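Each of the two blocks below gives one form of the same protein chain as structure tokens; they are labelled structure 1 and structure 2.
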Structure 1
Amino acid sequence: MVKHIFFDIDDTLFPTSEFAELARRKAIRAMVEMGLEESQEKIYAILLKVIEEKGPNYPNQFDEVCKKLKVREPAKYVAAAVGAYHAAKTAIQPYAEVPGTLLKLRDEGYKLYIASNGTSVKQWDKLILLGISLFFEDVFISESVGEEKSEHFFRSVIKRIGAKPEECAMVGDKPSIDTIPAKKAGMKTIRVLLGKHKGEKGKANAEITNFAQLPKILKKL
């Protein structure tokens, strides 16, 4: 019987890709409004290349964009971009069904946790901005755990909460880091078919297209 539920954050609890694009485009617009003489589409293409090269958690993305554009005095453009990016972030919201479903699961006696890759401050920032941080008993981020999500990662966090693998379920959108390694660790797995990874192949014990389906699915596992 499942007693403990682990959740990914990005494209599981909120539409990350949607808000990431919105924030990036607002940042680029701010750079152009500050006087950067390049088209927004060109800057956006360069930003995406930087993200591909350095990873989405690279902290100096806009500095790198200015470097690639050979901007002589980048400080004001970087400052404008960072300010606009963070202002846009305050608008992020969870999928509409998430808060009510988390409340229902907690009221039914499930213990809820986060299991996510990324930097601790950045992932905590998302949970706080989304207004859902207090639903969770504990939050396990790869930076603080010391490794990215894998079979060993899941075995480690299961041990930390004092549970058995068969008592735990992992809910996530990306098979390679969510459902596949969790299943190898002996957990039940639920695939969220939302976001940019919804077309990827990967077996799970169950699949959902709406977060509100989760309580019924859990009872069947």
Structure 2
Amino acid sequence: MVKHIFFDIDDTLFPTSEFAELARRKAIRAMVEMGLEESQEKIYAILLKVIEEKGPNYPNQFDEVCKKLKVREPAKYVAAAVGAYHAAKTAIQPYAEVPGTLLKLRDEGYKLYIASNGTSVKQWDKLILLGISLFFEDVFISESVGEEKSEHFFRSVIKRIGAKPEECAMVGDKPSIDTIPAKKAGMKTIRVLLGKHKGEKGKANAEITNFAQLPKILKKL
């Protein structure tokens, strides 16, 4: 019987990609509002190119965009973009059913945990902004655990909470780092069919398209 449930964060608890695009659009709008004389579509295309070249976590994306556009005094456009981007990013919200479902699962006696790849402060920041950080018994972020999600990662966190693998379930959207290694570690697996990985292959014990389906499905595992 499942007693402990581990959750991924990005695209499992909230629509990461949607918010990222919204934040980028708002940043570009702010640059134009500040007087940059380019079409928003052109700037967006350049930004996507920068992200492709430098990776999505490159910290000076908007400086680079200004450089490519040969802007002479970029500070005001960078400030406008970063401010608008950050404001949008701090307005992230969970999928609508997430907070209620997590509380219901707690009421039913399950212990909830986070198992997520990423840097600790950044992932904690998301949990806090989503308003759900206090719902979890413990939070396991790859940076703090010392390795990214893998069969070994899951075996090690299961040991740390003093549980048996078959008492644990992993809920996540990306088969290669969520359901596949969790299954290898002996856990039950539930795949969230949302976000950019929903088309990928990978079997799980159950699949959901809406968080509210979780309590019923857990009882059948």
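Shifts are known only where both forms have a C-alpha. Here the rigid core means the biggest group of C-alpha atoms that line up within 1.5 Å when the two forms are laid on top of each other. Sequence positions of structure 1, starting at 1, serve as the residue numbers. If you're wondering where the values come from, they're calculated on a predicted model, not measured in any experiment.
- Message: Structure 1 or structure 2: which matches the form predicted in complex with a further copy of the same chain?
- Response: Pick structure 2; the other is not the form predicted in complex with a further copy of the same chain.
- Pick out, from L134, T90, K70, E52, the position at the hinge of the rigid-body motion between structure 1 and structure 2. Residue at the hinge, from the list: T90.
- Quote the angle in degrees describing how far the smaller of the two rigid parts swings relative to the larger between structure 1 and structure 2. The rotation of the smaller rigid part against the larger one between structure 1 and structure 2 is 15 degrees.
- Message: I need the CA movement of P56 between structure 1 and structure 2 once the rigid core is aligned, reported in Å.
- Response: Its C-alpha shift, to one decimal, is 3.8 Å.
- Runs in sequence order between structure 1 and structure 2, three or more residues long, with CA shifts of 2 Å or more on the rigid core: Residues 24-85 form the single run that moves by 2 Å or more between structure 1 and structure 2.
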